[in-house]
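A single chain, nothing else alongside it, follows as structure tokens in the form predicted on its own.
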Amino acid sequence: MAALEARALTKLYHGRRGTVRALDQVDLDIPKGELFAFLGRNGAGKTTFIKVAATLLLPTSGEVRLFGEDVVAHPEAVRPLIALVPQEGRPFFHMTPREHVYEYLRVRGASAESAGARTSEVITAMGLTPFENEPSYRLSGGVQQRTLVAMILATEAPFLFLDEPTLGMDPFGRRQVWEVIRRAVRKGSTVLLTTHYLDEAEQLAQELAVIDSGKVLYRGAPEALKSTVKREVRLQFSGGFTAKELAEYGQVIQDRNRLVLLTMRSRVRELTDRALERGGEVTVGPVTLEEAFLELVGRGIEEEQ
């Protein structure tokens, strides 16, 4: 049985500027015990999907079932089975990381002994020990976010919704969170992850879906999505070439002050030699999930709707 099943899920928002179709006949199954990534730009429909599935928002039409329970008809049966890290959530001002985790577990019905043990375990695993007794207002944004994620992962709920869980964290903090998420999946939780960090989806997800303008454009393994890119290699240039010069060799992407070229292996030696002769720098690597997303959607994941 799938942990989550969505059928013809549609959500319309009505406003002064007209009707926005945030979700458009979405069909999606997420297998039990799997980490599933949901990718899309801001406004693509990811957070709306999570809010509906987590019983926080009513759909316009269609249905979502979690472990066989209809989330609209029986929200009281679904809520004990889920935990949610909301996008851009905030911890309580004066509470410490340890208090956040412990009190949340107690509210969910854990005994004092169980809550204490799980709190200590997740505080250590998330690298929060140096900050565990500091009030939130003294903590950096990244540590505050780790506190919110720790609260949810400590629940060991059957279904975990992680909406941009590593937003604002440094690379070391992100990797600590990744390992705790992997541990939750190994223990049997199903995870639905949304992220703007495509390396995060590539590292964690067994399967993913790409959504754009409320429609699911792709569903499958990350490697299968990368294989859809027509070019074989990725070259990144700092100087040496203009975008116009590179365009004849393949697809050119402007990345801040650098140029990224997707091309064929047969052109690598020629391009690297020319770049070095002109005093530029070049790095060569395989096509990434970011390029696959760009080719599928037409724009990068950081670009707004």
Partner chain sequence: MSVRQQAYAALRICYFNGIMPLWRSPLLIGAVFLTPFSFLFFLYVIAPRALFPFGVVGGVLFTALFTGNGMLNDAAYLRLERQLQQVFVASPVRPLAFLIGMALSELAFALPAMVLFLGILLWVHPFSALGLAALVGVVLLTWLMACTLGFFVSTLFQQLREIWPIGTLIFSSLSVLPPVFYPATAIPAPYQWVAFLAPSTFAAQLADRVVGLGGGITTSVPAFNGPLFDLLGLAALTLLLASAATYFSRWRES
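Numbering follows the first chain given and starts at 1. Nothing here was measured: the structure is a model prediction, and the numbers come from that model.
From this point on, the text means the form predicted in complex with the partner chain, which you will not see here.
- Taking a 4.5 Å heavy atom cutoff to the partner chain in the predicted bound form, the contact residue among 224, 185, 72, 125 is 72.
- Just one of 57, 276, 268, 243 comes within 4.5 Å of the partner chain in the predicted bound form, counting any heavy atom, and that one is 57.
- Contact with the partner chain in the predicted bound form holds for none of 1, 46 and 62, as no heavy atom of theirs lies within 4.5 Å.
- None of 202-210, 97-105, 168-176, 188-196 except one has non-hydrogen atoms within 4.5 angstroms of the partner chain in the predicted bound form; the exception is 97-105.
- Although the partner is absent from this view, residue 152 contacts the partner chain in the predicted bound form, with a non-hydrogen atom inside 4.5 angstroms.
- Within 4.5 Å of some heavy atom of the partner chain in the predicted bound form lies at least one heavy atom of residue 83.
- Taking the partner from the other structure, the partner chain in the predicted bound form has a heavy atom within 4.5 Å of a heavy atom of residue 51.
- The partner chain in the predicted bound form comes within 4.5 Å of a heavy atom belonging to residue 92.
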